[in-house]
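Just one chain follows, in the form predicted on its own, and it is written as structure tokens.
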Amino acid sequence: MAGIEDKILSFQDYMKKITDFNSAIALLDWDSRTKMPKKGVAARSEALGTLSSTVFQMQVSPEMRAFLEELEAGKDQLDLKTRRMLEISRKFYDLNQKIPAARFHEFVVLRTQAEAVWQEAKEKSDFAMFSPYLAKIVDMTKEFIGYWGHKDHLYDTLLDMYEEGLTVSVLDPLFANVRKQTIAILDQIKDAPKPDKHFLERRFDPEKQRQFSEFILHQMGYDFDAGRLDETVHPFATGIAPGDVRVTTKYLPNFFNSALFGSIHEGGHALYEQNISDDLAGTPLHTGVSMGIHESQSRFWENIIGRSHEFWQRYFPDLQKMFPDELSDVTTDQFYKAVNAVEPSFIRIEADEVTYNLHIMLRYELEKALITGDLKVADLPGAWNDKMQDYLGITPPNDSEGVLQDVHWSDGSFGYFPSYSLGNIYGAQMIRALGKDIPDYREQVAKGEFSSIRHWLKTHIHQYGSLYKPDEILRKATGEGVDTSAIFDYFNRKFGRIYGF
């Protein structure tokens, strides 16, 4: 037993070194998206490539292989945390040990360069500028799938990286059901009187938006002693290390929703990371278990809580004090209906709850076609516009509001987008379960009291980090597997009241 205890300690120390490298990578990546000057892109790309390649080599090294083989031989003597670390390390090793280290380094450098080009291309609404980089990313992703291997569908390998166990055969019928029920709701809404929302496009001073976003993040329970709020082109949250989880947002002077709901969304991600058990620090388990579960937390706070009538019952008076001229003629009820107005729109992150999932399905279908080779990168803008017309009945006026709006493809995150819809589905299941344990949670929200909600989320989800698989976390929180009934019960109840159906 003494021998395996020594091996466990050595394995934990090795994983701690990998975790420390990843913290440095996360910090450099955060800086590249927020503070780095344009002329720093080339050097930063190389630095990230070097550090990421070092981590990659550690994860597929002979030393890692020895850890895996020796600890797996004594698996019955390992505790839950070490077994899960071993399971995750084995999966990564088996997937990636065939990839040449030089190719991985090249891929990391390419992604960093591509994101900088994407930012400029988005500003100029020029897909042709970004297209060569995206084509290389798609080609290298397909090359890596060749190393990783696949079972039924090429895209399954990518899905599994963001939502362990998810496959096209599961997702296709799930999304078909979501689309069918979404269209049924939209059919009931289309002839109903539309909420007035013109006041959301008045001029809202960005500095005051920042102050209000910080205020709401404080109210949610986001710990600013363990994080910060910054501005970026595309909002994101990132966990640098335990005690350092940062969020970003984007301030639009003539559209109120973007910054605040973006801040709440990223704050939901951050609350997850800030409340993982300290016992998992220094391990690969001190992070969200999957992007679907992660998005359930961001979408939960952004929509189920942040767009609820009870939330604005409490906070609209504060918002009016911050923007007295802009909102003096608006009531709480008018504001609530405006921020929940349902109508097709070009920008995913500004879409309403009902049409949002259609934005995800569009990207899912395009990603699959890119990976199978049924769609070429050069034809992506036209395919995007055709899908927008098919799914939402509108056509983007330019690339910036269409195919270039998301950052994800610039960093090679194929397989990520379905996580957002899964997050919506999971979040609805979680609020249904939470409502059984905390029947008066709505009254608490109306008072600005979130401690019981945070405690429930921490107890059932956050504390575990990646200790359990996504499906296990969902079942621990809700007592059931993925189920779309909760989200459409929620949609019909909420939007039925707003639109009178």
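Don't overthink the numbering: it's just position in the shown sequence, from 1. Since we're looking at a predicted model, the values are computed, not measured.
A second form of this protein, the form predicted together with a further copy of the same chain, is not displayed here; the remarks below concern that form.
This chain lacks the partner; the member of Q444, T459, S61, T50 within 4.5 angstroms of a further copy of the same chain in the predicted complex by a non-hydrogen atom is T50. A single residue from the set G146, G74, P132, G243 has any heavy atom within 4.5 angstroms of a further copy of the same chain in the predicted complex; that residue is G243. Under a 4.5 angstroms non-hydrogen atom cutoff, a further copy of the same chain in the predicted complex has D31 among its neighbouring residues. Interface residue remark: T54 is counted as part of the site for a further copy of the same chain in the predicted complex, having a heavy atom within 4.5 Å. When a further copy of the same chain is considered in the predicted complex, G40 lines it closely, a heavy atom lying within 4.5 Å. At a distance threshold of 4.5 angstroms between non-hydrogen atoms, K436 is out of contact with a further copy of the same chain in the predicted complex. Only one segment in the set 176-184, 221-229, 391-399, 417-425 has any non-hydrogen atom within 4.5 angstroms of a further copy of the same chain in the predicted complex, and it is 221-229.
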